[in-house]
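This document opens with one chain alone, in structure tokens, the form predicted on its own.
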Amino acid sequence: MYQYDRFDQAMVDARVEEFRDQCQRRIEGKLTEDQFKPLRLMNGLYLQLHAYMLRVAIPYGTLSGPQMRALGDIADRFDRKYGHFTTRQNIQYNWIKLEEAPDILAALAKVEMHAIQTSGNCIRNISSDHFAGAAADEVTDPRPYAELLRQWSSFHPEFSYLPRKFKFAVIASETDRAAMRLHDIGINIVRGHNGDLGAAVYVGGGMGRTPMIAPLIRDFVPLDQLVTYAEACLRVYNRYGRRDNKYKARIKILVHELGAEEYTRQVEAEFAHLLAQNIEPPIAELERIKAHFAQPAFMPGDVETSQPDVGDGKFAVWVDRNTHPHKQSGYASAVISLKPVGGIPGDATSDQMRLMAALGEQYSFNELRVTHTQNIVLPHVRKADLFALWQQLEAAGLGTANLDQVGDIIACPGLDYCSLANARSIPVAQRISERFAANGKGDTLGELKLKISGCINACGHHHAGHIGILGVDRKGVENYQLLLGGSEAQDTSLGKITGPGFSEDGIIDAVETAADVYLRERQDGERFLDTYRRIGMDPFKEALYG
């Protein structure tokens, strides 16, 4: 994984001291809240319903054992002994005191972490495939290119005040595990006709009140021109993006209103202009970055002899659901679920973070990943070690075997924390997981991705859920809309609202009703999404509304 050089460290250390001075001036009344707001947002500090919230960047979801341990220690020292992992592969602390915020940034800087550009109208944390560098189906590790883009975009003077926030995702396989086409720019590294690697570039995706799937604007950009092409895409957006209406300021609106063809034409013209300016970082810089992502020193092993005897118990279910094929024989990637039955999706206690740090060091070459589905991955685990790993996870309440099941729910913090929310997300997620654990249907449903947002901003990705739930305000009462048919994977689609919304009790029943329709109608091998696409909305509406 990438390690800071003296320039990275100096930049982060300088920002800590700068923000310490800004916080002190705010506390002393020398800055008003209006003056302080853009300064704190540049450092990932939000003012939520009950306290300040700090969002910490975890670039492309990759972190080390010492970094995860530091996150646990920060939760103890400055929060309420837990942190919340997010769909941007970051972590948030929900109970921060303003006077202590600079001390948190200083603690982060000691382990090569920060909160820079985790908020504001800038290029946010660049996300990637959480199995990057380990997945058997990738054409290359996409993280060096995500890191190159991170370095290019950090403090970029032209893109520090964009019309609206901006999000990249970078993957390198046909299987999309990062919701790539639902980003402002999605990059899929592919192999061209002559075998060379290049980038297929998608622009104009996003969630929120106007969800859109990004169209492909160029099917192959040579990787030694990737930064130049990204800059061309951003320049056209920065030139024409709306600044008079934040609801129409995202690049998805610009691409939609110009049309993908016209937007592409302007990007290509800007790209040709920039190529002549030679702004691309030198190849030597990319090679320097790549060296940080060299493969670990895997032990030689045969996939058959290294496979543990799983039997047919809980461990076997966990191996089946929570491990992923690895490119190295004898290894697997193991997913640690942060979704225990009745738990808060994405939350981990400080003790659990320290345990995961130790497990990463012991079993996964000192490397962990955060997934966009709010779980944690140990990317490089010997199959022979899986049982020992699972035993420790199970003892700590981290052994739930529910990856991509109905209990593996994505949920935003909702009205329990967020000042933008209209409804609670966390209690709904908890009750749904408890309902399906109690009735036993969760084990029979197979892959069913459920996502919950507490407002139209869609931080819970409800549009992309096989089943999605959107909390809204109906005359002061929380109301929940049910959506069906979304997907954030390579078969990207947006869910459709079934009809009138439900109360909190009603939405729990409605999710079970939708699951029952699937169980009744599914054919061999069909996921919930497949059955929905085959039979359409009508059978579900009939069951839900009569």
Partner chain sequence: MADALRFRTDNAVDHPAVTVDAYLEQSNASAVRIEPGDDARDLLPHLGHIRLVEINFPAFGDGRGYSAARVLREAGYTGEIRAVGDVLVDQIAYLRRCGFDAFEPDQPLDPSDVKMALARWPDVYQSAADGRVPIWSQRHG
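Residue numbers count along the first chain shown, from 1. If you're wondering where the values come from, they're calculated on a predicted model, not measured in any experiment.
This next part talks about the form predicted together with the partner chain, which is not shown.
When the partner chain is considered in the model of the complex, only one residue from Lys167, Arg218, Arg235, His324 comes within 4.5 Å through any heavy atom, namely Arg235. Contact annotation: of the candidates Thr175, Gln295, Ser160, Gln392, the single residue with a non-hydrogen atom within 4.5 angstroms of the partner chain in the model of the complex is Ser160. In the model of the complex, the partner chain sits beyond 4.5 Å of every heavy atom of Phe387.
Contact check for Pro281: a non-hydrogen atom falls within 4.5 Å of the partner chain in the model of the complex. In the model of the complex, Tyr247 stays away from the partner chain, with no heavy atom inside 4.5 Å.
Taking the partner from the other structure, the partner chain in the model of the complex has no heavy atom within 4.5 Å of any heavy atom of Asp505.
Annotated contacts: Arg15, Leu274 and Gln277 all touch the partner chain in the model of the complex [non-hydrogen atom within 4.5 angstroms].
Considering the partner chain in the model of the complex, the lone stretch of 58 to 66, 506 to 514, 487 to 495, 35 to 43 in range is 35 to 43 [heavy atom distance within 4.5 Å]. Contacts between 7 to 23 and the partner chain, taken as any heavy atom within 4.5 Å in the model of the complex, involve Phe7, Asp8, Ala10, Met11, Ala14, Arg15, Glu17, Glu18, Asp21, Gln22.
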